[in-house]
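For reference, the chain that follows is the form predicted on its own, supplied as structure tokens.
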Amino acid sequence: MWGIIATWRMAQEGISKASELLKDGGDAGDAIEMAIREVEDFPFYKSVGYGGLPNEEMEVELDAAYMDGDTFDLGAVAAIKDYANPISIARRLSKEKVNSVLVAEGAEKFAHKEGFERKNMLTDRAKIHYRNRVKEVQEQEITPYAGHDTVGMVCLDEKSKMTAATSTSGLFMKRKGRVGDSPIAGSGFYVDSKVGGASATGLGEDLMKGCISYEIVRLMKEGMHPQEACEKAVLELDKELKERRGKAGDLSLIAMNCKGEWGVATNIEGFSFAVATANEEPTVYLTKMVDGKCVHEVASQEWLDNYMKTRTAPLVEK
């Protein structure tokens, strides 16, 4: 049995490539790194990697993390600039016994020393998005932070090894140095090969308040199916935040257990995810919460076509 599940439609091409590797008995670490690099390298996905949206100073700061569910090795980078494929840097850091989570200049020095590719990650398209948002904020009631989608994945290979990984450019127009949940173990991701793994996307500041990826793995360890665990964790954190703070940010979680069973839950409309297993071809689903239960439906071809059309459409500066 093997499988891979990921947040958002943007992961479809990546998990499709990874599924070919997994079919042939490939390693869960190699598969998940390959899948996330595919997202990082595509300039039209404006919340991850090359083409990611910049911070308030128009700099692209990236966060990424990798975890091995067999050994609990983990590595992460945060607020790293001018390096391609932060997921690969995070995976390399997971081999370190200490100093496995590095930020900003420290992460960049490590990447340089290890020979990772330097690259200006700010695209002309992202600059247009930035300048348009500055005008929108001035003219409309709109938050500068709108537009933040982490790619998060959980992977299982035929040797029963599991991995989890994330990559993101974080909140659009965030403050310089801001770090969300994505590179934080237990919040943005967590995996245990004996149980399963989970990964999050949404408002990092609120996802961290529930250590929600770890919570889902804990619930699966108690015997819950991934779907039940995701729904319980998302509903309870959403409720708790609203009771204590008056509102809850976006919370969307994906999970897979060591049997290859998967689950997804969200508190927003229009959350998409992608999954492939030994029993299921790479598929994109749309999901929403209805009366405490998440309803998943396969994305139509029309929806898929429109998704790519809107993301690759020419941009005009306002």
Ligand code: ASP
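Each residue number is its position in the shown sequence, starting from 1. Computed from a predicted structure; not experimentally measured.
This next part talks about the form predicted together with aspartic acid (ASP), which is not shown.
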item	value
Contact residue in the model of the complex, from Leu171, Leu74, Ala84, Met224 (heavy atom within 4.5 Å of aspartic acid (ASP))	Leu171
Option touching aspartic acid (ASP), based on a heavy atom within 4.5 Å in the model of the complex, out of Lys232, Arg125, Arg178, Lys159	Arg178
Interface segment, criterion being heavy atoms within 4.5 Å of aspartic acid (ASP) in the model of the complex, picked from 75 to 83, 196 to 204, 114 to 122, 101 to 109	196 to 204
Touches aspartic acid (ASP) in the model of the complex: Glu215 (any heavy atom, 4.5 Å)	no
Non-hydrogen atom contact Thr163 with aspartic acid (ASP) in the model of the complex at 4.5 angstroms	no
Partner proximity in the model of the complex: Asp149 to aspartic acid (ASP), non-hydrogen atom cutoff 4.5 Å	yes
